[in-house]
Every structure is written in structure tokens, then in C-alpha cells.
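Only one chain is included here, represented as C-alpha cells and corresponding to the form predicted alone.
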């Protein structure tokens, strides 16, 4: 469905002496995502997880390697071309637009202004009350509200492949499980190939396949049970109470 072949991404950085050095963020990665499965990508902070998702969407261009989607080489495609092909991306920090309502964004995503269709999507995502459609997408929205809008506009496209970059960022604990259940339901009922980048245990629990990325390399893929020893070695996860000041005991860190 989605195949990565030797995918690499590097940047050139300068040290304090002005000397240039290349840093590999994604290093010759090979992997095939199968159609209709739920994938969770995790790993230490700075390991390359988000960069990998951005390369798939076309936000960044690889420095080497190829990306194939449904057998077609999409490496040189733009974001718009990939979206047209059926790939959608949900940002960690959704954009806010002064003077634009949720209805406006949803109409563009769903390619329709029909009230019945918009309400169908709103119900599908579990947004209530329906008057939420007319809320402005600006700074007055809470983190949870803007996330619901982002999820709704992503789902409205009925993508073949949906990528969610740390969708639990900025939302409360009571919103996480409904979000997990929603994405899993979409994957099952609409056969959406789903990729979630997250440190949160809840997403890993429902994943068909977990990918652990570290220093730009794919270190593991498989089920959660077999991943746990490596996650503990990386000091990513803990099943003990979080240290004082941390709120979510389910977060990998």
C-alpha cells in the first residue's frame, strides 16, 4: 500500500565554530505499510518520528530513497498531489484561522456545503452540539476543540491513508480514549490505513503494528508485548506513576 525504499533525510548544521556537519534524521529506512491496518510510530524524542510522517505527506522531501503509494512512485509529488491521491495529514498543532468557521473548513474538506452531509461527518466524529459547526476556528477554541476540528476535516476526506502526528497533544485525559476509539473505528469501518505518531500507551494498545524509531532507524516493528523490553531500554515508557508534575501516567517519555 505504502512502501518506503531506502528513505533518508539529512540536514547540514553548523557548530559554534562555523564548521558544517551533516546530521541524518531518517537513515535508509525500508518498510511497507499494508492497506487497512493501524500503525503506531513511537520512539525517543528527536528520533525522527514526525520527520518520517512529514516525508510521507510530502511536507519535507527526502535526500535519498523512494516512496511508493499503491504501486506508484510519489517521491516527487507535491502535498496537494498526494492529498488528491488519498493521503491526509493531521498536524500536532492545528492551524487557527481568524474569520473562518468550522463549517467553512469542513465544507472544503468534504467538498460539499450540504447541511446533511456536514452533520453526518460531525456525528461521525462525535461532536456535540451541532451548533459547534458555526464556531470560529480562532484562539478562543480550547486544545480539545481545535483537535476535534482537525480530526473532522481529516476524516471528511475519506482518505485511503490517514496520518496523525501526536493527536493527543494539548488535550485532556478524558478526551484521549474517545479519540483512540474514533480512529480505530474509522480504520475498521472505512478500511483506512492509519498511522499515528505518539508516545501515548492508548494508541499503542490498539495498533496492529508498532514501529519503534531511534536515531532515524527502524529498530523494531511488531506487537506491543514484544516491543516492551525495547521501550523500557529506551526509557520511553513507564507503567509506574509519573514523577511529580507530570499528569499522564500513560505517556511514554
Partner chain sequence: MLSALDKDLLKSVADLEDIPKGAYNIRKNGKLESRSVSAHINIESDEERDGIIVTIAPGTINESVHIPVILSESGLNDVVYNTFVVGAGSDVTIIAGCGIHCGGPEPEGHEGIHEFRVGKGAKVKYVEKHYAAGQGYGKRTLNPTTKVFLEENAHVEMELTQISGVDEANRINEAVLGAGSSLVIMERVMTEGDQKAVSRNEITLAGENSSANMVSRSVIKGNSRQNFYATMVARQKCFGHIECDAIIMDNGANETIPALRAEHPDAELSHEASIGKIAGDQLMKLMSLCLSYEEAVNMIIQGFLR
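C-alpha atoms forming the largest set that superposes within 1.5 Å between two forms make up the rigid core. Keep in mind the model is a prediction, meaning the values are calculated, not measured. Residue numbers count along the first chain shown, from 1.
Only in words, not in the display: the form predicted together with the partner chain, which the text now covers.
A.B. asks: Picking from 68-76, 120-128, 98-106, 179-187, which part of the chain touches the partner chain in the model of the complex when contact means heavy atoms within 4.5 Å?
C.D. replies: Correct option: 98-106.
A.B. asks: Verify the flagged residues 57, 83 and 153 against the partner chain in the model of the complex: is each one within 4.5 Å by a non-hydrogen atom?
C.D. replies: Every residue of the candidate spot has a heavy atom within 4.5 Å of the partner chain in the model of the complex.
A.B. asks: Heavy atom to heavy atom, is residue 111 within 4.5 Å of the partner chain in the model of the complex?
C.D. replies: Yes - in the model of the complex, heavy atoms of residue 111 and the partner chain come within 4.5 Å of each other.
A.B. asks: Within a 4.5 Å heavy atom cut-off, is residue 132 in contact with the partner chain in the model of the complex?
C.D. replies: Judged by the heavy-atom cut-off of 4.5 Å, residue 132 is well away from the partner chain in the model of the complex.
A.B. asks: Since the partner is left out here, which residues of 5-22 would have a heavy atom within 4.5 Å of the partner chain in the model of the complex?
C.D. replies: Residues within 4.5 Å: none in this stretch.
A.B. asks: Does superposing the core leave residue 157 with a CA shift of 2 Å or more between the shown form and the other one?
C.D. replies: The answer is no, as the C-alpha of residue 157 shifts between the shown form and the other one by less than 2 Å after core alignment.
A.B. asks: Is residue 81 displaced by at least 2 Å at its C-alpha between the shown form and the other one when the rigid core is overlaid?
C.D. replies: Comparing forms between the shown form and the other one, the residue 81 CA shifts below 2 Å.
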